[in-house]
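Taking the form predicted on its own, here's one chain by itself in structure tokens.
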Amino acid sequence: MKIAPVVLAGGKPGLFEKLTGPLPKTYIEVGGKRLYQYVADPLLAIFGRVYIVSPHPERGPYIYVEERGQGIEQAIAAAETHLGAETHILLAYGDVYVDPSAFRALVEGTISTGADGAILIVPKKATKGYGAVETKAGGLLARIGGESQWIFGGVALLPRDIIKTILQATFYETLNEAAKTKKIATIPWSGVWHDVNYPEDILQLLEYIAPKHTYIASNTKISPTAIIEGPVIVEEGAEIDHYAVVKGPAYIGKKTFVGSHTLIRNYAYIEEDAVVGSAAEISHSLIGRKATIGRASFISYSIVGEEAVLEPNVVTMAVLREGRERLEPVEVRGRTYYKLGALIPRGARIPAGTTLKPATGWQ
């Protein structure tokens, strides 16, 4: 079995347009990487190469394939024309974060069952757009559709001959037709799996990709009075000023500036070239590339888009009175809350002293 890994990173930005502009949602940067790279990098490590289907090729260690037309079927067909002698394609959605061991489980499951291919299936969640999976004897795929407690997990290992017919029907219809004549195994996966379908899904993602250890690049400038309490990553060229506290898990990107007496804590991500003024506090939030957080601002459970500017003393409120679909509850000292701060679009400017109510800007 010769496998070509393919990551589908194209599509329209949809609800993510406030954050990515014309680029697909898979291009949002979190922790110094685009979203699709969290799938691409493990596949690159396993197979030594990976194909990225996208309308916006970039520099990197990947093989980019230009996305043609619209829809997942067109993207898969575009990738297939670039392959060589590979017998199988390992398809992965670029907007799904999954523990890298799932890829090995998929390949090993296919081989151990003697199947022609396999799909990853995950427990049904509040996720739209993923088909329920019905199985038959031997754990083989019967069809996608109908009722089931398992859904397609956005990762599949399929023979090339199936892929060659992808333009004749939808992706699910192609799988259903193949299941009639081929052995397509279903590989249950109960490990980490997270679909980034809506902007608020990024907040949960911050926890899954959080640093597990502390790394401080050699050319950073950190005041001797600053406190770094891991796990924290501080990238090249970052500057952390006097008496600032960074309490992990947290990410401080390249060439960022963290002002004096500022507190960065609990799943805060400060992306490249961003500036956080003095005496500010950032918690469980994503601060986009080149964004500016003004002095004494408080940002919690929020996303600040690239190059957005928050003038001094901007406050985001985050505690919702009621739960909201797709949000995981937060337990604080025995009490349960649902938290959602503000979504501030790329390039926006928020005046000094503004207080943003919970869930501002997510509509």
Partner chain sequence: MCGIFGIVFAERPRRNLGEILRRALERLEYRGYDSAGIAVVDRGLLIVRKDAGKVAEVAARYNFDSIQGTAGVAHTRWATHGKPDQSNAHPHIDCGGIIAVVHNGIIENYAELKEELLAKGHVFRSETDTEVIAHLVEEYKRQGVDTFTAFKKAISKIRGAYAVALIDAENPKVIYFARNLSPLIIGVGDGFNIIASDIPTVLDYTRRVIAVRDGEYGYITPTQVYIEADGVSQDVSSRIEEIPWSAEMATKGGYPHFMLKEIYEQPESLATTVAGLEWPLLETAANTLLSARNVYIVGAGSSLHAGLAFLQLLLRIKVTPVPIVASEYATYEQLFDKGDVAVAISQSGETIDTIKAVRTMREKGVRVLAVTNVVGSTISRESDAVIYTRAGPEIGVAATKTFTTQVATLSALYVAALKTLGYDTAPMEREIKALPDLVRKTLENTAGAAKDLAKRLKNKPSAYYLGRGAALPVAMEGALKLKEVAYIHAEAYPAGESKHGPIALVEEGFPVLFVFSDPNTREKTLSNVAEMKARGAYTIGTVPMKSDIAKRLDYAIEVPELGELTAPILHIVPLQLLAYFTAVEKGYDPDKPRNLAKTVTVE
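The structure displayed is predicted, hence computed values, not measured ones. Positions refer to the first chain, counted from 1.
There is another form of this protein, the form predicted together with its partner chain, and it is not shown here; the text below is about that form.
**Q** Since exactly one of 226, 105, 263, 216 fits, which has a heavy atom within 4.5 Å of its partner chain in the predicted complex?
**A** Exactly one residue meets the criterion: 105.
**Q** Heavy atom within 4.5 Å of its partner chain in the predicted complex: which of 200, 86, 134, 272?
**A** So the residue touching its partner chain in the predicted complex, by this definition, is 134.
**Q** Indicate whether residue 46 is a 4.5 Å heavy atom neighbour of its partner chain in the predicted complex.
**A** Yes, contact at 4.5 Å.
**Q** Does residue 278 make contact with its partner chain in the predicted complex, using a 4.5 Å heavy atom cut-off?
**A** No, residue 278 stays farther than 4.5 Å from its partner chain in the predicted complex.
**Q** Using heavy atoms and a 4.5 Å limit, would one call residue 81 a contact residue for its partner chain in the predicted complex?
**A** Answer no; every heavy atom of residue 81 is more than 4.5 Å from its partner chain in the predicted complex.
**Q** So, in the predicted complex, is residue 220 in contact with its partner chain at a 4.5 angstroms heavy atom limit?
**A** Residue 220 lies outside the contact set for its partner chain.
**Q** In terms of non-hydrogen atoms within 4.5 angstroms, which of the given stretches 186-194, 251-259, 160-168, 283-291 touches its partner chain in the predicted complex?
**A** Answer to the contact question: 186-194.
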